[in-house]
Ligand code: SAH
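The form predicted alone is given below as one chain in structure tokens.
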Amino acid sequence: MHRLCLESLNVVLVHPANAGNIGATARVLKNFGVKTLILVKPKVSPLHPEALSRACKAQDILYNAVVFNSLEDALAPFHYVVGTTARARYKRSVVFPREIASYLTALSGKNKIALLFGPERTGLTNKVLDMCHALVTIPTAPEHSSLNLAQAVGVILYELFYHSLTGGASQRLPRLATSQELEAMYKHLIEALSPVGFVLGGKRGHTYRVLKRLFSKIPLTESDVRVIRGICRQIIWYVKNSQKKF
């Protein structure tokens, strides 16, 4: 049995606003053996005095935190992205942390995994959730479903850490394509399909979201992406050369 590789897990906070929450999150990472904290456009520095105070012996995580101005740049090297949400989304299945633990375990040997958490006030936007391979929600009382940011991180990391102690995966899944490689593939697909009239709802943005939902159901390797992009190149070549005949 293969155990969860905790070094493959990375917590990404998108637009965190509260220094105390950033510090408390660092402490939670330390509790469960996760070393990497990534911040996307934080409103306060991870080295804010309150963050350092709340970190409680996890200040090293704050000092080593990586800050990005763009979520796309932050996610570029990751092979699998898990978004968190307090609500069910239309046309997207949502699972509990315990239900995805085995799959993440199988991925963790050869893939970098990002766990995304949204701003304290609004959570992750639909646009950001569309960038995720899977969506996770924490079961709570329906009349008050919102959790504090650090609490939400703690619950999910607890479930994954517990699984690392008590369960495992019978096999390792292969290395998947990175988010950067997938984004390039989606753009290539749009470029290839638009000239032949495949624009769902008349909008490229909607077509992009549909294609992303489709391919997110099938974990793609780097080799898979090369094949799909080869098809795109052939479509583009054929369309251009067909037009020259008229």
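Numbering starts at 1 and runs along the sequence shown. Remember, it's a predicted structure, so these values are computed and weren't measured experimentally.
Note that the form predicted together with S-adenosyl-L-homocysteine isn't included here; everything after this is about it.
- Under a 4.5 angstroms non-hydrogen atom cutoff, S-adenosyl-L-homocysteine in the predicted bound form lacks residue 71 among its neighbouring residues.
- Put simply, residue 154 is far from S-adenosyl-L-homocysteine in the predicted bound form: not one heavy atom of it is within 4.5 Å.
- Although the partner is absent here, residue 127 sits far enough away that none of its heavy atoms falls within 4.5 Å of S-adenosyl-L-homocysteine in the predicted bound form.
- In the predicted bound form, S-adenosyl-L-homocysteine sits within 4.5 Å of a heavy atom of residue 149.
- Contact annotation: S-adenosyl-L-homocysteine lies within 4.5 Å of heavy atoms from the stretch 115-123 in the predicted bound form, the single such stretch among 172-180, 72-80, 115-123, 157-165.
- With respect to S-adenosyl-L-homocysteine in the predicted bound form, the three residues 192, 236 and 241 uniformly fall beyond 4.5 angstroms at the level of their nearest heavy atom.
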